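Next up: just one chain, as structure tokens, the form predicted alone.
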Amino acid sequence: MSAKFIGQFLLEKGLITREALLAATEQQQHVNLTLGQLAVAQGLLSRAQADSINLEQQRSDKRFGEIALEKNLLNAKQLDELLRVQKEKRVFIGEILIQQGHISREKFEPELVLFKQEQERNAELVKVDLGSLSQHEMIEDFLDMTLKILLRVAKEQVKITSVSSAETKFRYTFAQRISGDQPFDYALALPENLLRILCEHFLKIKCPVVNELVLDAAGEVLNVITGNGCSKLSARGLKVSLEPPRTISGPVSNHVVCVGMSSTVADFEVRFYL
């Protein structure tokens, strides 16, 4: 069992086509604007100001609105109104699929109930599995940062799907050593398509192939995740230091925790070599 997104859930059950899901996803991205896009559209921020906030957000554990307030680019009243408008205009993928005629409401609604039930069961299993780990607090800190940074950098919603000690084979794996009181290696194992999309968002350029620039960008993303993760460990009173990120082609140690992840683009894995 693995957590999925509702569109993938319907696709795997044969209730919609891949083309239908792609069309609905593109429409959702067009309709559901970010806070920065809304602020620019309403004349509250310039495009350059919004871009500068987005850039800082990619490298920190802060929300867009939090940074805008700190820089005095928005006030609290403006931010509250932007959040209200964003929530009011948000459209979910299921509604778009219905509007575009890819599935009827009568078919969709019972499937949504089944989907949510599966999500709840899987989330409870993952919670139990993570809680049983000897260093679960540290692992959960780094998983939290992984979810946040990938959302901010790649604009990808990511869900935790599994916890195991068996590595899944992926084309590219990037690792970073965290030394100190509790030394371990953090690693991201990615398929090629997700790696390219991640780096395209990070670099703001098209990346049709994986080259040295893409590999360097992946290392930078890893630095952001581990840097913010280490800040959380430091706040717990632990001494930590970071070594440079590197690509790996095999296991770093025999004791590994593999956390399966799912995005709308592809599945991938976060590993902790303890």
Partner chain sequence: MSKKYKVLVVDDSAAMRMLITASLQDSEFDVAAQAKNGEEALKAFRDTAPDLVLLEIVMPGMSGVETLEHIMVLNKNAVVIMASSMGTDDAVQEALKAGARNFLQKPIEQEALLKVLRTTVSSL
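Residue numbers count along the first chain shown, from 1. The shown structure was predicted, so the numbers you read here are calculated from the model rather than taken from an experiment.
FYI, the form predicted together with its partner chain isn't displayed, but the following is about it.
Between its partner chain and the residues Phe202, Phe184, Phe108, Phe115, the one pair within 4.5 Å by heavy atoms in the predicted complex involves Phe202.
A single residue from the set Val209, Val31, Ala41, Leu55 has any heavy atom within 4.5 angstroms of its partner chain in the predicted complex; that residue is Leu55. Shown here without its partner, the chain carries Leu213, Asp216 and Ser231, all of which come within 4.5 Å of its partner chain in the predicted complex through at least one heavy atom. At the 4.5 Å threshold, heavy atoms of Glu66 stay clear of its partner chain in the predicted complex, well away from it. In the predicted complex, no heavy atom of Leu45 sits within 4.5 Å of its partner chain.
Heavy atoms of Gln27 never reach within 4.5 Å of its partner chain in the predicted complex, leaving it off the interface. None of the heavy atoms of Gln37 is located within 4.5 Å of its partner chain in the predicted complex. Residues of 236-260 that come within 4.5 Å of its partner chain in the predicted complex, judged by any heavy atom, are Lys239, Val240, Ser241, Leu242, Glu243, Pro244 in sequence order.
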